[in-house]
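Single chain ahead, by itself, as structure tokens, in the form predicted on its own.
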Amino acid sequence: MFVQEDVSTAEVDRLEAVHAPLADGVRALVEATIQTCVDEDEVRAVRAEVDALVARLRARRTDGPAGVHYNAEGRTWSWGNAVVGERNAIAPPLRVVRDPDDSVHADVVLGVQYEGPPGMVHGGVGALLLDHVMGVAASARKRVTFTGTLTMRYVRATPLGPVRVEARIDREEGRKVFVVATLADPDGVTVEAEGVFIVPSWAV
């Protein structure tokens, strides 16, 4: 769902500044929930407080998917996105940077909530990050693209902690955009990826 809204960029930025810290707090709560060793009575007490907070936030809400929104100034926001959503505590969240040569990169610290094998990032989480950053690279010049295929080679396990995702366009053939990317920790590449992203016919 793509929705154009008559909202100024300044107002979108203001709303993000209000809501992003809430998502940060919930993200910290998720991590604390995994790692806590408090006694059972304290767990039950915290659960009651969480339930009360959920009820307060649900007092006024929208239904359905969050979607992608944009305004006449070209500012976009996708607050529910699983990778970059400012309001989504499941998202790491990633901050994607476009480089002068149209390649992109993102740095993020992955904590215990993204664990698969002990001490390591879940392989599906790596795929999630790569898919998103590759899509950003494929969508250079603000065109729309969708993932067609995504192929990954896991070079070695990715430890929890700081990682970098890098992606660039390799070549283009008609509506197909071929992208290559890597996921790396401070010691080097852990996952290599290549994908084909499709520009939909309605966007040509």
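Numbers follow the displayed sequence, beginning with 1. This structure is a prediction, so every number in the text was calculated from the model and none was measured.
The same protein has a further form, the form predicted in complex with another copy of the chain, not shown here; the description that follows concerns it.
Report task. Indicate whether another copy of the chain has at least one heavy atom within 4.5 Å of a heavy atom of Val112 in the predicted complex. Result -> Result yes; Val112 sits at the interface with another copy of the chain in the predicted complex.
Query raised in the report: Should Tyr154 be classed as touching another copy of the chain in the predicted complex when contacts are defined as heavy atoms within 4.5 Å?
Result: Yes - in the predicted complex, heavy atoms of Tyr154 and another copy of the chain come within 4.5 Å of each other.
Query raised in the report: Any chance Pro65 has a heavy atom within 4.5 Å of another copy of the chain in the predicted complex?
Result: Yes, Pro65 lies within 4.5 Å of another copy of the chain in the predicted complex.
Query - Contact test in the predicted complex: Val189 vs another copy of the chain, heavy atoms, 4.5 Å - result: Contact with another copy of the chain, no.
Query - Site check Glu31, Val50 and Leu128: each within 4.5 Å of another copy of the chain in the predicted complex by heavy atom - result: Checking in the predicted complex: Glu31, Val50 and Leu128 are all within 4.5 Å of another copy of the chain.
**Report entry** Heavy atom contacts to another copy of the chain in the predicted complex at 4.5 Å, residues of 82 to 100 in sequence order
**Finding:** If the 4.5 Å heavy-atom criterion is applied to another copy of the chain in the predicted complex, 82 to 100 yields Ala82, Val83, Arg87, Asn88, Ala89, Ile90.
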